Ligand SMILES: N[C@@H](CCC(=O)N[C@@H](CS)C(=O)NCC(=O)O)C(=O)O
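Here's a solo chain for you in C-alpha cells, the form predicted on its own.
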C-alpha cells in the first residue's frame, strides 16, 4: 500500500532516490521482505529501526509511517507499507526472471486468500512472540488470552495449509511463490515456540524444505549473535518456568 504523499510529514524522504528499506532484524514482517529481496537479488539502502529502543516511535519515523511499524519501503520518494503489499510491489517492479507472482487467475485468488489469512493472524503471532519467545520490554504486547483461542485459530489455519500441501510441494503448486514467502516466518516462529507440528506432517516437511533455501537460511541467521543467543536462552527458560506453547495447546485441545 502506498501512503498518500500528503500524509508524509518527514518530507525529506520524498526526495530520496533509489530503494530504501526501514526494517528490524527480528521483525517477522521485515524478514519476509528481506527474504524476497535476497531471492531476487535486489540491492537497497538499509535503514535499521531498533524496535527494542523505541526508535519506531520517534517523531521523525512517525512522520513517515504514523502507525510506527516496520517495514517501510521507499522507492524514488514513494512510501510503501504493509509487508504483503511490499513483496508484491517488489516482485512486480524488479523481478526480471524467476518471479514469485502467481500466473493463473486461480493462483491469484488463492494467493490473495492466503495473504489475507496470514495478515489476520498477525496479532495472534505477536501474542505467541511475547508469550513464548521474547520479553515485552516496553509493555506493548497484546494481552494474553487465557481462553487460548489464538492457538485454535492457528490450528485451524495450519490444518488448511496441511490440506493444500498434501498434493503439492508449495502452497500454490510445484514452484515457490509469494504465498510461501508470506507464510514462512509465521510457521518458523510457531515452530520455535513449540507448536506441535507432528500434527501436520506435510507442513513440517514443507517448512524444512524452505529452510534449506539460501535466502531463507541466511535470513534466519540475521541479527547479532548476542541477541540470538539471548533469545534462545529466554525461550527455553520461559518454556520451563512460565509458559509452554505445547502445554497450552494441549490444554486448548482438551477443552474442545
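Numbering follows the first chain given and starts at 1. Owing to the predicted nature of the structure, the values given are computational and were not obtained by experimental measurement.
Just so it is clear, the following notes concern the form predicted in complex with the ligand, a form of the same protein that is not shown.
Q: Which of these residues, 207, 37, 64, 70, gets a heavy atom within 4.5 Å of the ligand in the predicted complex?
A: If I apply the 4.5 Å criterion carefully, the residue I get is 70.
Q: Taking 4.5 Å between heavy atoms as the contact cutoff, choose which of 124, 91, 180, 82 touches the ligand in the predicted complex.
A: It is 82 that has a heavy atom within 4.5 Å of the partner.
Q: Where does the ligand sit in the predicted complex: which of 215-223, 40-48, 27-35, 198-206, heavy atoms within 4.5 Å?
A: Only one stretch passes the 4.5 Å heavy-atom test: 27-35.
Q: Using the partner position in the predicted complex, report whether residue 53 sits within 4.5 Å of the ligand, counting heavy atoms only.
A: Residue-level check for residue 53: no, no contact with the ligand.
Q: According to a 4.5 angstroms non-hydrogen atom cut-off, is residue 162 in contact with the ligand in the predicted complex?
A: No.
Q: So in the predicted complex, is the ligand close enough to residue 116 to count as touching (4.5 Å, heavy atoms)?
A: No - in the predicted complex, heavy atoms of residue 116 and the ligand never come within 4.5 Å of each other.
Q: I'd like to know whether residue 168 contacts the ligand in the predicted complex, with contact meaning heavy atoms within 4.5 angstroms.
A: Close contact is absent here: in the predicted complex, residue 168 is far from the ligand, nothing within 4.5 Å, heavy atoms only.
Q: Taking heavy atoms and a 4.5 Å limit, what residues of 192-214 are near the ligand in the predicted complex?
A: Going through 192-214 in order - heavy atoms within 4.5 Å of the ligand in the predicted complex - there are no hits.
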